[in-house]
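Starting off, we have a lone chain in the form predicted alone, written out as structure tokens.
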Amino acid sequence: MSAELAKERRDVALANRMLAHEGVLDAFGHVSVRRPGRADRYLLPRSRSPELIEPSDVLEFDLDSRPVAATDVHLYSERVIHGEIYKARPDVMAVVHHHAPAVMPFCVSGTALVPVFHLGAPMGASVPFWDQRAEFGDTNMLVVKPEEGASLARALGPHAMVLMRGHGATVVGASLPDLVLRAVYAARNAEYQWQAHQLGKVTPLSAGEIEKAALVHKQPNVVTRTWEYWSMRLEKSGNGIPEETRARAGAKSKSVSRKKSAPRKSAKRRRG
């Protein structure tokens, strides 16, 4: 395995854990990334709760959402969401599907989700709404068939995010750090929009404000800063990637041990 591929698998695991820790993902939902150097492949974990994902759980799929290597592990039934979006959107490098509590009232009511603060701008000026029943009738509301995934991708269109009636949301990004930033702040935006509504007035950002704020958030230092921040919060919670957490704990323990074993200097001078 190349170092680049190993890093991407690690970052997929980290993104799943960060989004779970920040309340975007829970027992369900999933994050993927397009494989480096292979536009026709993507990386997605086996079916497992996001906060438990490890790099070894991350598998490789083709754009028809078939595993590249034979496996007997359970796979996400909704992986076609990822494959069909990657087919339709060559510019998309990462995808998350989630059921964040802050977003769900908008998925249930059909109320438009709009940017109301500057960090909400990366989700775009408008968020389309996909009603699975309109095209496929009564279903179990999971997106499991290629044609369902393709329909969702069409509804997403050129946007950064799509709401799914009674189900959740799907968000796309130019990279994993960009995706995590967009998903977290879109959920926060939903919270603030709902809270402002309770106060009686919602004032969305103007088109010009959205465009200018979104450009700021595309700056590398902004994306890196947020990724590092959420990584640190995850590590402090004790829910970082296990082998990395153990390695850091081991290094810290050795450092403490060396300090304890260091000889003490006498406070008194020896008499000659």
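As the structure is a computational prediction, the values presented were derived from the model and not from experiment. We number the residues from 1 along the sequence you see.
Absent from the display: the form predicted together with a further copy of the same chain. The rest refers to it.
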Quiz item: If you check in the predicted bound form, do Arg34, Ala39 and Leu163 all have a non-hydrogen atom within 4.5 Å of a further copy of the same chain?
Solution: no
Exercise. Counting non-hydrogen atoms within 4.5 angstroms of a further copy of the same chain in the predicted bound form, say which of Met93, Ala125, Ala150, Leu119 makes the cut.
Key: Leu119
Self-check item: Partner proximity in the predicted bound form: Ala196 to a further copy of the same chain, non-hydrogen atom cutoff 4.5 Å
Solution: yes
Quiz item: With the partner left out of view, is Pro45 within 4.5 angstroms of a further copy of the same chain in the predicted bound form by any non-hydrogen atom?
Solution: no
Quiz item: Would Ser109 count as a contact of a further copy of the same chain in the predicted bound form, using a 4.5 angstroms cut-off between non-hydrogen atoms?
Solution: yes
Quiz prompt | in the predicted bound form, Glu60 touching a further copy of the same chain (heavy atom, 4.5 Å) | solution = no
Quiz prompt | Segment assignment from 153-161, 171-179, 81-89, 140-148: heavy atom within 4.5 Å of a further copy of the same chain in the predicted bound form | solution = 140-148
Self-check item: Within 42-70, the residues that have a heavy atom no more than 4.5 Å from a further copy of the same chain in the predicted bound form
Solution: Arg46, Ser47, Arg48, Ser49, Glu51, Leu52, Glu54, Ser56, Asp57
